[in-house]
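Take a look at this single chain in structure tokens; it is the form predicted on its own.
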């Protein structure tokens, strides 16, 4: 439990709760409406913490290639914006991100994050190479910030269906943000990409309950009352870290 109760005699070490897609959406709505968090604020918190998690999972000195190249694939909605923020912070951490953002959102918020990346001289790809080996040769890893938990995994449309088909074939590690793209947020993935690392935002989703790879939980900001309401039983984060490996 992460200070979700003021009772010193409350039971510690209760199992971390994995939320359904609907529960996670309700929690986020409550953060935005009742607790007055801003969407831009949340995306910035998440994106920064994702970059920190990636730096822990793949330190600069351990990358296979001489150049610390990273491909960040961004979808059109909130997960895509988290990817944009993550790319910006990775650039500050001296990685060399490249962004593929095929369908840019018309919303001002998402456009702002795009401009921030452009001002950091982060390159944007105009297309994703169909030749998988080109991706394997050019990058150390791929960050999947394509489809969030709200996406309908049974109806993935172009260009994302083709992107996922390509990502299924690559040999370099994939890091997925919140939910691996193409997975049902409520069920473990059976037919989709196979990430080596998963970064859950705020709370883990049910699909991550049996995730076999490295699993990070990021976003150490939840008010104690909301932790208690949803019975999250969050783990104790180490020191002042904004993330924990589960």
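Numbering follows the first chain given and starts at 1. These numbers were taken from a predicted model, which means no experiment stands behind them.
One more form of this protein should be noted, the form predicted together with another copy of the chain, which is absent from this view; the next part is about it.
Stretch 82-90 is the answer when you ask which of 138-146, 152-160, 168-176, 82-90 has residues with heavy atoms within 4.5 Å of another copy of the chain in the predicted complex. Interface residue among 14, 22, 231, 225, judged by heavy atoms within 4.5 Å of another copy of the chain in the predicted complex: 225.
In the predicted complex, another copy of the chain stays beyond 4.5 Å of every heavy atom belonging to residue 77.
With a 4.5 Å cutoff on heavy atoms, residue 67 counts as touching another copy of the chain in the predicted complex. Under a 4.5 angstroms non-hydrogen atom cutoff, another copy of the chain in the predicted complex has residue 115 among its neighbouring residues. Contact annotation for residue 187: none of its heavy atoms lies within 4.5 Å of another copy of the chain in the predicted complex. Contact residues in stretch 37-52 (any heavy atom within 4.5 Å of another copy of the chain, taken in the predicted complex) are 37, 38, 39, 40, 41, 44, 45, 52.
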